[in-house]
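Take a look at this one chain, the form predicted alone, written out in C-alpha cells.
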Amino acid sequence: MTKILIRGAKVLGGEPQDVLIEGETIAEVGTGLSTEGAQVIEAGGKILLPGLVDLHTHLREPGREDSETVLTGTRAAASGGYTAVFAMANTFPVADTAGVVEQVWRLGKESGYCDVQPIGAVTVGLEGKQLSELGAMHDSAAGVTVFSDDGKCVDDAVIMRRALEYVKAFGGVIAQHAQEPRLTEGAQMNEGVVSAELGLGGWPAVAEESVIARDVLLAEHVGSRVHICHLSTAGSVEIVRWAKSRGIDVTAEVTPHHLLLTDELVRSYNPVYKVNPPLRTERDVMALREALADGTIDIVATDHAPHPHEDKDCEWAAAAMGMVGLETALSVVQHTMVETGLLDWAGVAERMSFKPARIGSLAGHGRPIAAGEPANLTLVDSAYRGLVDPAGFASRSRNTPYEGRELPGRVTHTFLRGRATVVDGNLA
C-alpha cells in the first residue's frame, strides 16, 4: 500500500499539520507523524484543501473533440486542483439518454485524472419541447442527479414545472440556464452604457432575472430543488436572497470570470471576452462577490467552455461564446475573494468542494480532511505569483481571458483517492 506524508501543510488555511495517506484513504492527521515507509511531500506554508468539485464543466465529448475531450478536460481539471467535474449535456449527440450519459461516465473512468459525473439534458435534444429520459438516466450506471439544458434555457414554464416534479421523486435537481430567449435575440454583450457606445446588441439583466424569479416560484410551488447556473447580475442576487428567505430550495453558482471581469473589456472587440451570460458591470461584479461571501451564492463553478482557435479568432459577431476556466479558477478566487478579505481558505473549500458535492449528491468528494476519509486533496502554493500562459494549459483549447495577466496561487499537487494526478505543478 502506497504511503504519502504531506508534512506541514495549512489544512484549510489553519495551523500546519501533517496528513498521512495510505492507499486511497487519509490514515491520520496531526503533527509530528512518522515518515517511516512514506513518500514525504514538504508542504510548509502551502494550503491543503479537499479536492475541488466543479458543478459546471463542458467536456465537449462526444461530438466536439476538436474543442476538448474527456481526457484533456480531466487533465485540465486535475491541473486546476479538481478531483471531480460535472459534465454538461450539450454534446453531439446530446446527453439526453441513458446510453449517452453512460458513455461519458465510462470515458471519465478511463481517463483517470478526475471523476466525471454526467449531467443529463432536461429536454430531448435541448429543444425545450419534451422531457428527456430523466428517470432512465438516474437509474443508469452514471447515476445522474443533475439535469440541465445549459447553453439553452428551459423557457417553457410547463416543461420546467414537469421537470421539477419529476426529479423530486429521486432527489434530483434542475440546473437552469436563466436566459429569456425573446429578450436576448441578437444580443452580443451586456445591455448598458458600453453596448450603447459600441453599437452592439444588448443583453439585458432582466432576461436572466425574470427566469430566475419564475423558477424559484415554480420550485416553491412543487416543493422541488432548482439550481441557478452562472448567476451574473446584482438583481439576480436579490431574487435568490429573497427566495432563500422564504425557505425555497434554491442554490446558485457564480463563475470566476464574473467575479473579476467587466463589460468594459468588450471595448477591445477581442472575442475572448464574449461569453454567455455576458460580462456585466463593476456594480454587478461587486454584488456577486458579496453574495458569494455571505452565502446567497452557494458555489463557484467554472463554466469551462473550450473552443478551437478558429471559433474565437474571428470578428466579434461570428465568435463562439465561452471561456476556459478549470486551470485558472482557484487563482481567480484567491485574487477576488481571499486577498480582498471576503473569504478565508475554509470558505473557499466550502464553495469549491464541500457545497458543490452536496448539491450534486456526489459521494466521496467534498469530504473533510480527516482520518478515514477518501484522499481527494489539493495542495496550493498561495504565495506564488505568475503570468497566465495558455501555451502551458492541459486543455485542448486556449480561449482564456487571462492571458498575460498576473494571478496568484498555483496548484502543486492533486490527489485522486490517494493517487497523485499532479506533482510539483506537472501532470503525473
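Just count from 1 along the sequence shown to find any residue number. The structure displayed is predicted, hence computed values, not measured ones.
Form predicted in complex with a small molecule: not shown, discussed below.
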| query | finding |
| --- | --- |
| Distance check, residue 307 to the small molecule in the model of the complex, heavy atom within 4.5 Å | yes |
| Close approach of residue 151 to the small molecule in the model of the complex, 4.5 Å, heavy atom | yes |
| Contact label in the model of the complex: residue 202 to the small molecule, heavy atom within 4.5 Å | no |
| The small molecule contact in the model of the complex: residue 230, any heavy atom under 4.5 Å | yes |
| Option from 34-42, 384-392, 370-378, 53-61 whose residues, in the model of the complex, bring a heavy atom within 4.5 Å of the small molecule | 53-61 |
| Residue among 172, 271, 108, 322 with a heavy atom within 4.5 Å of the small molecule in the model of the complex | 322 |
| Residue (of 327, 253, 208, 303) lying close to the small molecule in the model of the complex, criterion heavy atoms within 4.5 Å | 303 |
| Output flag, 90, 177 and 275 jointly within 4.5 Å of the small molecule in the model of the complex, heavy atom basis | yes |
